[in-house]
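Here we start with a single chain on its own, the form predicted alone, put down as structure tokens.
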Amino acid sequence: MLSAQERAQVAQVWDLIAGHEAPFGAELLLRLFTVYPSTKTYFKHLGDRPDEVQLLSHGQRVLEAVGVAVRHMDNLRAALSPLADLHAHVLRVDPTNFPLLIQCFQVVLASHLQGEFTVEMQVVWDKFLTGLAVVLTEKYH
């Protein structure tokens, strides 16, 4: 899926995010819910107007899952199998929502990392996150 250089670039960006999963994740969710309000359907436990604590908590869980993927880039299927089962069989998330999440995450990365999130980094992260989404949706078939 990713070359050695691309894996290094993913890890380089992740090193900038690590330790900031909660605020990055909260901003990701807030952006997702604002730009794509229909995605709130899958977060009913957060209510109609999630507060900061809820966004920080769930945002951290979302980005911790991305962190697992970063640490297990060479074996995403095994590492993300429980999460794929959860999204496909329990939460029944429509797979068309994953590209929306990816887009919002890239906007958050670009807004915070600015010059460090170069066009080349965006290409690599898009490839990585798309691969992650493919693994999460394989259980739907």
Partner chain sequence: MVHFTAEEKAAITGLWGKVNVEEAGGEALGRLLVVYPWTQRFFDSFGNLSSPSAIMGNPKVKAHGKKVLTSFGDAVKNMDNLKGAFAKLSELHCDKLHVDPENFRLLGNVMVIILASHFGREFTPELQAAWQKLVAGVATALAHKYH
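Keep in mind the model is a prediction, meaning the values are calculated, not measured. Residue numbers count along the first chain shown, from 1.
Beyond what is shown, the protein has a form predicted together with the partner chain; the following relates to that form.
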Contact of residue 119 with the partner chain in the model of the complex (heavy atom, 4.5 Å): yes
Partner contact for residue 31 in the model of the complex: the partner chain, 4.5 angstroms, heavy atom: yes
4.5 angstroms heavy atom contact with the partner chain in the model of the complex for residue 106: yes
Residue 98: touches the partner chain in the model of the complex, heavy atom cutoff 4.5 angstroms: no
Interface residue in the model of the complex among 90, 53, 78, 35, criterion: non-hydrogen atom within 4.5 angstroms of the partner chain: 35
Answer range among 110 to 118, 78 to 86, 38 to 46, 56 to 64 for contact with the partner chain, defined in the model of the complex as heavy atoms within 4.5 Å: 110 to 118
Candidate spot 27, 123 and 126, all three touching the partner chain in the model of the complex (heavy atom, 4.5 Å): yes
